[in-house]
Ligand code: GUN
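Before any questions on binding or motion, here is one chain by itself as structure tokens, the form predicted alone.
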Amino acid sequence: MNSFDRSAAGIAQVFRGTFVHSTQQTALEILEDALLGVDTEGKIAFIGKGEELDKLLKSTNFNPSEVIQLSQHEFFMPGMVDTHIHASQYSYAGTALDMPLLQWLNTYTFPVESQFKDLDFANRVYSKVVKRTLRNGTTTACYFATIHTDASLLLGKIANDFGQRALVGKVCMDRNNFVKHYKETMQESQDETCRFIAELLKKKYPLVKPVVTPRFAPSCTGALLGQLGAIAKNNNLHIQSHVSENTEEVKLVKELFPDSESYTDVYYKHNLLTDKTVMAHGCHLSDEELALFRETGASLSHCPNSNISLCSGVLNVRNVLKQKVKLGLGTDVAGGYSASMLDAVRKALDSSKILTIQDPEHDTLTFEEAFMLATLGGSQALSLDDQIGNFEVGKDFDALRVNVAAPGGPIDLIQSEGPKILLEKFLNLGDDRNIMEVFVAGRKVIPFTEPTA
């Protein structure tokens, strides 16, 4: 454990109980009867042992009656990181899963996304998706919005107002032969992206930042991709897109970009693969492409629900990890029908087991590894692991207070269980009823204190 390290800021909260998290060395570390202090800036000031309480109180002047004690069936875990979610698709989540990717986009997605020029509609959808993901324990979300700058700025405001940490992207696309009214010219996309970035940064939201967002190579000309790569570099911004989701898409990219060696090479040639890039899916990447991810520091977002729901493919997570490519989990609403990262954990395990059924030699993911991918892995994929992802002194306190025995919850406990079993049960059986409190940068955001009507 970390020794006491009193922050220059005052101590705002002290919690005592079980904490579970991942470290660079192990997928699951369990800290029983631990003390964790949060300072007035929302950062973890110290982590120590419960037996050191008296020593702690002398060094911090914190009142012992104010120490918050977790119950027998409770634990704290890091907030979950959704590395890929389309906020604009939330209105039809749970439907429209009867087509493969390209047909699905043209039939359902583009017509719905074109509605976001209506700010009232955008406000309704974005308010609901931010509240729902927070309730589900997503403390950090990497959002795709739409091509509409003002609606995308509204998503940033809503995330800020509810206290969620977010990367928000105005979608860029200057090529769309199927829904012709839902696209931009290259100049419009470039100008509006610059306006979006400037206006969002001007807001100085502490936890909400812009991310450069070419939708994916088939919907962007090479000229636009190059401009977006330059914009990201000049502003030192994150980049998000899609890569190798299904085989039809991979074939289309080869036809559209015949001079590129691979789908990944398209992004590489346009300076869109950096250590702040996250690409969704990657089901059909070659080892050579994964090597390019590793060399550039770019990461993948594994979206198993969507991969299965749209029959896109099954990502071999074990091989990605073996190639030392950064990897997080994503819900990919609405290609993925659930906005819960717990679902992403479960589907990641199911997908790995499918590969084991096909090849008994395959090394199946463990629940501890899936837990790591949903927390620390996600923070690494978004290059935010210096701020969030686990319980280390100096990091922001992004955390879920979980009660596995929550009254009216989905889990029945038959006998006394240790914290490892409680975590496993929560990951496999739990839902928002088990998430009693959610903290982002030390601020309690669940239960909501703002009006939720």
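Residue numbers here begin at 1 and follow the sequence given. No experiment lies behind these values; they were computed from the predicted model shown.
This next part talks about the form predicted in complex with ligand GUN, which is not shown.
Shown here without its ligand, the chain is overlaid with ligand GUN as it sits in the predicted complex; no ligand atom lies within 2.4 Å of a backbone or C-beta atom, and the site is open. Contact with ligand GUN, judged by heavy atoms within 4.5 Å in the predicted complex, is confined among 177-185, 101-109, 200-208, 271-279 to 101-109. Heavy atoms of Ser189 never reach within 4.5 Å of ligand GUN in the predicted complex, leaving it off the interface. Among residues of the shown chain, Lys347 is not one whose heavy atoms approach ligand GUN to within 4.5 Å in the predicted complex. Under a 4.5 angstroms non-hydrogen atom cutoff, ligand GUN in the predicted complex lacks Gln227 among its neighbouring residues. Taking non-hydrogen atoms only, His242 approaches ligand GUN to within 4.5 angstroms in the predicted complex. With the partner omitted here, the residue from Phe371, Phe216, Phe257, Phe196 that has a non-hydrogen atom within 4.5 angstroms of ligand GUN in the predicted complex is Phe216. Just one of Asn136, Asn305, Gln164, Gln89 comes within 4.5 Å of ligand GUN in the predicted complex, counting any heavy atom, and that one is Gln89. Residues of 317-342 that come within 4.5 Å of ligand GUN in the predicted complex, judged by any heavy atom, reduce to Asp332 alone.
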